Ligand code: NCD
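First, one chain by itself in structure tokens, the form predicted on its own.
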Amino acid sequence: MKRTQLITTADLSKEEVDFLMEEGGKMRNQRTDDLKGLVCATLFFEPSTRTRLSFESAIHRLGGSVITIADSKSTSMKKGETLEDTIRVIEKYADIIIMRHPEAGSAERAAKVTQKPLINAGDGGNEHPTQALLDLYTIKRELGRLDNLQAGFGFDPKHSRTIRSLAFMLTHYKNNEFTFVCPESLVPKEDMLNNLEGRGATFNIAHNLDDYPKFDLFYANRLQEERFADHDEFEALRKKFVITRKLAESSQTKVLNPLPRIDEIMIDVDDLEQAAYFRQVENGLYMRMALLKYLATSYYQ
């Protein structure tokens, strides 16, 4: 298998996903020279803690070096330079490019102007494929399987790129049923549901947490304040759906969250075995190490 860019979840075959999860397992507590001599550019035109730092840590643990942009206002894009020209410039300085951008479709635009390894670290409300990879790896470690799952997703599937990407990637596996738990105004977009239907997925939409105990896993994501056009709507909805300790203790449902956690999971859930989200954070480092090694090996060897 060879791949040099990761733009959407659709790019990855099931065989590649399984390979990367196996490689991620091998990366636990490892230091290697797989990126020795390679310069990696981390371009974060939108705020990030876990994705940016886990990628940069992964690069260092693989023996590479990092150049970074953490704010678009510090670049010539502030002066009106296009994204395409920015990428054309940066590819002259870097061997691998990792980019987060607030505009849906920006990763695809960047990929059209460079042949260098390029990773989409989140493009607006569209996709976040590396998050989906680490989410799958976490589910496999926590539950021992990726088939025959009852998976709950809440609480903003309309705006959440992480819910979108994970649901798409789970369609590689058999007999999974998805339930999107959300207010009526935040149901998944039609294109997402059409995509899932085209992949043969089974899904439901619920407007409360009554079925929570039936889930094998519940993927909770904050309401995406930055995606709301109406701030009043965000404020009205933000505390209507919450996983409390009492709810979490009602079943063995594993609770995942790409973080940051705002209102959607109470802090007193954290010490329960069901709470997998900080283990999920650690898994992101190993999966991003595996992905970087895979792309670099495909392109440079």
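Everything numeric in this text was worked out from a predicted model, so none of it was measured. In case it trips you up, residue 1 is the first one in the sequence shown, and so on.
The following text describes the form predicted together with the ligand, which does not appear among the structures shown.
Put simply, L259 is close to the ligand in the predicted complex: some heavy atom of it is within 4.5 Å. Contact annotation: R222 falls within 4.5 Å of the ligand in the predicted complex, judged by heavy atom distances. Interface residue remark: R238 is not counted as part of the site for the ligand in the predicted complex, having no heavy atom within 4.5 Å.
Contact check for T162: a non-hydrogen atom falls within 4.5 Å of the ligand in the predicted complex. Note that among 89 to 97, 111 to 119, 127 to 135, 179 to 187, the stretch whose heavy atoms approach the ligand to within 4.5 Å in the predicted complex is 127 to 135.
Residues from 27 to 56 that approach the ligand in the predicted complex with a non-hydrogen atom closer than or equal to 4.5 Å are R50, T51, in the order they occur in the chain.
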